[in-house]
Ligand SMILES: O=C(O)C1=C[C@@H](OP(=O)(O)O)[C@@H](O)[C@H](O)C1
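For reference, the chain that follows is the form predicted on its own, supplied as structure tokens.
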């Protein structure tokens, strides 16, 4: 439990480079493990989720050396994993779990796998069912949950699969399985979702056919180790974007942020709300990157629909906080995916904003926020829980910057899942203040 401080009168000031992208860090580890030769990963995200992916691969016999924020992975190809000595520990990482179910779907030995209490409540059927249609075998608790077993298997067959909901994790699991399958695997998504897997497969020498929201992939030649530079994570940067936009007198620069067009929904929606975020030093190295300059400015309410969700699913909690300070009504719909994240994020966001005096109503697939009123702690002091969700924890810390009254954060350790140094980095932008 920590007591959070409000922002100084001068607002947030200075430059910051947030840690490396979590999605890309996971994938760099996986591709490095199945490629031939050495892969060097610079600026990987040293967080709990990424370390769980690393631990699973090491348990399967992959040699990985960590030097500062650099990883050196000695890859030996998909057919050289060893049977694990212990069950595969996924921790709280849904990305690790779902992607590795596809990557490990054709191994000649059983692999028990498990997660923490939160992950064990998150359904897996939407990834296990199409993988089973390809010939994979899983034993899951109640047919849908961890703990379970990725069962021994020596045959995968390509399928044509139309995804009912756009999901980068399900798509990526099917790409990893399709790389090992006989015939062609065709994946059709109703909407675009983050494309880091497709980009990285091509960087490592793989072949994939991309046609709008349709992907075709066949069994791949041996991939070759690469040098991967991980851009700053736009999902982590989003908390500082919104913090600067809603904290008076703020003026900050976020360095080297990944602005992949399948991930930049936060930028597009903030622009729709009236934000002017300047992009400078744009360049492209497998992933497009830019420095972002953000200043305090007024916002207005907007409508966020299902078409916006795939590119902003991780940023919706902090967008909801921005909406609380925007003039007028913001409606979020088509976001039922938030119900099955680390916690029920729709319920969690509504709970937090309500405790801070925001007029907000919950819907099955989103929420309606009446914005424009200052945040106020009830009875001058409020204790808010992250419910073990890293993004809810960081949202609360940003809200505290402009809340009248004392805000205490319960279960702040959840931030370690994606951003262990968040509080220290926030303090860095408040040179005259110390967050205790």
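All of these numbers come straight from a predicted model, not from anything done at the bench. Residue numbers count along the first chain shown, from 1.
This protein has a second form, the form predicted together with the ligand, left out of what is shown; the following refers to that one.
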ask   = Looking at 220, 167, 331, 262, which has any heavy atom no more than 4.5 Å from the ligand in the predicted complex?
value = 167
task = Tell me, out of 295, 199, 216, 126, which residue has a non-hydrogen atom within 4.5 angstroms of the ligand in the predicted complex.
result = 126
request  = Go through 69-77, 223-231, 95-103, 360-368 and give me the stretch that gets within 4.5 Å of the ligand in the predicted complex, heavy atoms only.
outcome  = 95-103
message = If we define contact as a non-hydrogen atom of the residue within 4.5 angstroms of the partner, is residue 337 a contact of the ligand in the predicted complex?
response = yes
Non-hydrogen atom contact residue 355 with the ligand in the predicted complex at 4.5 angstroms = no
ask   = Would residue 27 count as touching the ligand in the predicted complex under a 4.5 Å heavy atom rule?
value = yes
query = in the predicted complex, does residue 306 have a heavy atom within 4.5 Å of the ligand?
reply = no
key: Residues from 296-317 in contact with the ligand (non-hydrogen atom within 4.5 Å) in the predicted complex   = 313, 314
